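Before any questions on binding or motion, here is one chain by itself as structure tokens, the form predicted on its own.
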Amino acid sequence: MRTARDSPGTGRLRSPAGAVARVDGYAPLRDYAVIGDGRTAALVARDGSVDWLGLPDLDSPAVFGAVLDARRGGRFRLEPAVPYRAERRYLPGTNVLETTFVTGRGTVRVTDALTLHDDTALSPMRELLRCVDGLSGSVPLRWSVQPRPGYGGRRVRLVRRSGVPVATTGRAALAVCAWEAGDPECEGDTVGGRFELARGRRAVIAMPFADQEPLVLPARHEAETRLERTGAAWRGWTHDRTYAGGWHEAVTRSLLALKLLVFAPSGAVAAAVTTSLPEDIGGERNWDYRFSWVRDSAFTLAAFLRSGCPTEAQAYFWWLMHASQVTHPELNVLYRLDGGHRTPERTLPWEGYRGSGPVRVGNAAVGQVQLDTYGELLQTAWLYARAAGHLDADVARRLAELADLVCATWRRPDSGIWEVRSPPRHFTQSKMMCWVALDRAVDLAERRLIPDRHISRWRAGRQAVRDFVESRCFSPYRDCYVRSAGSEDVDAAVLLGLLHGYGDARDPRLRSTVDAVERELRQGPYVLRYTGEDGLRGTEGAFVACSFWLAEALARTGRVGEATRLMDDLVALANDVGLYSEEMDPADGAFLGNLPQALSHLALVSAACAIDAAGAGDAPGAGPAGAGADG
């Protein structure tokens, strides 16, 4: 049995500030930054290696996958050929990354971006652009591009077009265009070069990509102009955001990270950029998060609405309603970014991050019953309706049918928010969110935003769910809501009942549950998910979102000072460029799990807003969408 006091794993690998250290070819997960273009995203290590990139889209097979197999995964290296230390940042208000390498022979700065599409010229379909500027002295550098398309499963053919190395496979191709970066040399299926850069000089390496369309080979000035426009576009987007509360820098960086997880063609928000980064080094808790979870929807819409992102909020809501139409009235737990509902799970012949196999693509959780998703979707619709003032007639009909389904199914056991692979149970958080689903349906009906002919059934169902939770999911011994009916396990997920408005924050049971989570699951600023088994071997780290949920719960129960101190501690736990993974090792803060993780950043934004509101004297008790009450 796994408990909160178990060792969180042996994956303790953290670079001192500025140092660059790999173990068996793997960089610490904390050392990764992310760049993206609204279609796909890449992970860039502190040592300048691009170790993850799916092409053409975020959920496509990786062409660089060294973060999951250092020998066979493929990467784009770019670093000084002499010893160095590295410092980095995002250019202010952008998702353009700047890494400064300091050596004994001088200093150079690498600027990395996946450039945004340029409508004014013939542009590559995707373009990874890397510019190197000499700041002082004269620094020797080396680089190599090792494309491994199709997760390394497809053969690469390397040719030259107009003197430019081009790697082709099937109907996809990528080129390596270099200016002042040495003469590119081809060896096997790898392109590389060496050069020396003096102060005041700039080298440029562009990697345009095409899939089932002509490959565009850019001119140098076109690529550099596109980089400038990319930076300007990000700064313009950030300038239009309206959040003005506390932890402004952390919230802004979280919004920029979330923007990278928005798949622009559909409006879907991916849970993370990566697959199978381990929750336990050497363990089997490795999942594909490059899909959009209904569970994240309420936090997503709330974050977009609170921060002045109405375009993203509208696109996401309509994507959610479009995707769920295929499975209506039932909900999938997750959907593909294009709205598809099939995500078959399989494993790759890769060793996994530091030997943490299996490496999975696809996610079998799609077939689980997780009843809380209905509460999340109705909460999302309720938020949207409040902001828009209306609902489309077809959407309104479908929401009413979802409420009918909740009345018919809430008594079923399910796999719960944590997607356990042990037998289904009556998870408390699932029941609480069924209550939220029916409460929001009642409210929407009373406002005449959805059909109200079944409102009496929804009110009765809401009360029945409440009776179940209060009689079977609260332990007098633990003095808290427990993980599942009849158990004595503690689960941080029940904090979502408070955050989403199941009951009033002045309720002694909810307040004592906050105390129990602190007592049983908190280790310093870190909060573990739950006690008890889940059908998997091994342990895991602290769940970052749970830590922010606790900070928000403290604020909502009036403990604003404690919430503020915890929030300060949590904000300080981000990596050097302000990103969070899914989990952290409480022993040393090492990142675990996929990254950057949308739920971690969503929870940060939500906690910051709640603490601000509580500090300003707003009445406690209202969740992100406000609390309802049994009618």
Partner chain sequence: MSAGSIAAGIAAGGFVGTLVLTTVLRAAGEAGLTRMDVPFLLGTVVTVDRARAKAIGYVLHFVNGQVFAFAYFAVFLAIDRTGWWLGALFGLVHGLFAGTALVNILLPLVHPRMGSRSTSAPDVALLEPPGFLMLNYGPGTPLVTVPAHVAYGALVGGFASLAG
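Residue numbers count along the first chain shown, from 1. This one's a predicted model, so the numbers in the text were calculated from it and none came from an experiment.
Just so you know, the form predicted in complex with the partner chain exists too; it's not on screen, but the next bit is about it.
The stretch in contact with the partner chain in the predicted bound form, judged by heavy atoms within 4.5 Å, is 337-345, chosen from 142-150, 337-345, 550-558, 214-222. For residue 233, a non-hydrogen atom is located within 4.5 Å of the partner chain in the predicted bound form, even though that partner is not displayed. The partner chain in the predicted bound form comes within 4.5 Å of a heavy atom belonging to residue 322. Under a 4.5 angstroms non-hydrogen atom cutoff, the partner chain in the predicted bound form has residue 264 among its neighbouring residues. Taking non-hydrogen atoms only, residue 312 approaches the partner chain to within 4.5 angstroms in the predicted bound form. Of the residues 392, 330, 249, 87, just one reaches the partner chain in the predicted bound form with a heavy atom at 4.5 Å or closer; this is 392. Note on contacts: among 130, 75, 126, 529, the single residue with a heavy atom within 4.5 Å of the partner chain in the predicted bound form is 126. Contacts of stretch 29-57 with the partner chain in the predicted bound form, defined by any heavy atom lying within 4.5 Å, are made by 37, 38, 39, 56, listed in sequence order.
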